[in-house]
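In structure tokens, one chain follows: the form predicted alone.
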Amino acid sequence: MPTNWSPKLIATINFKGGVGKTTVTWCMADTLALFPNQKVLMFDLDAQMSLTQAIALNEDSGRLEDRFGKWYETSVQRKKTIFDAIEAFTRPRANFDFPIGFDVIYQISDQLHFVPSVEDLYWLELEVFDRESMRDFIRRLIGKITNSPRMPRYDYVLFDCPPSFTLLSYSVLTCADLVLIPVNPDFFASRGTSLILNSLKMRIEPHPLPKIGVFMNKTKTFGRDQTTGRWRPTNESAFYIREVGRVCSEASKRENIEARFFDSFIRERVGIKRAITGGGVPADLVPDFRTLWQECRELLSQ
């Protein structure tokens, strides 16, 4: 394995609840893992454990799926969780001694792997750790994973970040290649987007901001355009799309940041929340996420 290999790091964030952040993270990871010869690693960094619980929960029985449940219990007992890694990293005057293997990383499928959350991450939200001591944690952890001879060469690493700015969010944002911000078409769309774009730069300075991609999620549509074949947003959704686009353009100029509002959007679907427990992206939404990924890839390549 080449030691200079570096996967692309993509963080999904929004400090407003209910925007579909967790579902988007899962659907993007699942979409990327469907491409041939791609290896994807996904992190749940939220103390609420929404992504972890969704993956673990068997929708039919309402119980933890046996394979994941047994693996998770063993991981906790052996102190091989993400929180144990943080404790090893922040230990005073100690090397980052935390061997990486499949007791830390769960294999959902051959191409999609997962680092689950634990309730102990709640203590990070109380900031019992020092800000500067946490800064390089994610960078160092990804370096350990990348350079481990036991681990595959991941092409992409996706992070479902907490819905607030924590020390772990700080650690992710200081090394991410791309930040994805899903926005809902509602009254708070433009105001919330302006707030998060303005606060991101302030919160991670003096570190440079990563590239930022903002897109509309849960977009109401009313059919396809006969000329282009694209789905058409309702008048209400179109209004908020214009408003968020304007906010991104103004923030980019004012704050001197690279924030792009994507043309692509994810349509509203009642069953999309079952994408995780149901096994994957709903077939009719696969084109939406593939189109979104094309814009992400273009931004990453610039």
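Just count from 1 along the sequence shown to find any residue number. Because the structure is predicted, anything quoted here is derived from the model rather than measured.
The discussion below concerns the form predicted together with a small molecule, not included here.
Q: Of V40, I272, L45, A259, which one comes within 4.5 Å of the small molecule in the predicted bound form, counting heavy atoms only?
A: Checking each option against the small molecule in the predicted bound form, the one that comes within 4.5 Å is I272.
Q: V244, I266, L32, A251: which sits within 4.5 Å of the small molecule in the predicted bound form by any heavy atom?
A: Residue within 4.5 Å of the partner: I266.
Q: In the predicted bound form, does N217 have a heavy atom within 4.5 Å of the small molecule?
A: Flag for N217 set to yes.
Q: At 4.5 Å between heavy atoms, is V19 in contact with the small molecule in the predicted bound form?
A: The answer is yes: V19 has a heavy atom within 4.5 Å of the small molecule.
Q: Do G143 and the small molecule share at least one heavy atom pair within 4.5 Å in the predicted bound form?
A: No - in the predicted bound form, heavy atoms of G143 and the small molecule never come within 4.5 Å of each other.
Q: Though only this chain appears here, would P152 touch the small molecule in the predicted bound form if you measure heavy atom gaps against 4.5 Å?
A: Close contact is absent here: in the predicted bound form, P152 is far from the small molecule, nothing within 4.5 Å, heavy atoms only.
Q: Sort through 70-78, 95-103, 217-225, 197-205 and report the only stretch with a non-hydrogen atom within 4.5 Å of the small molecule in the predicted bound form.
A: Answer to the contact question: 217-225.
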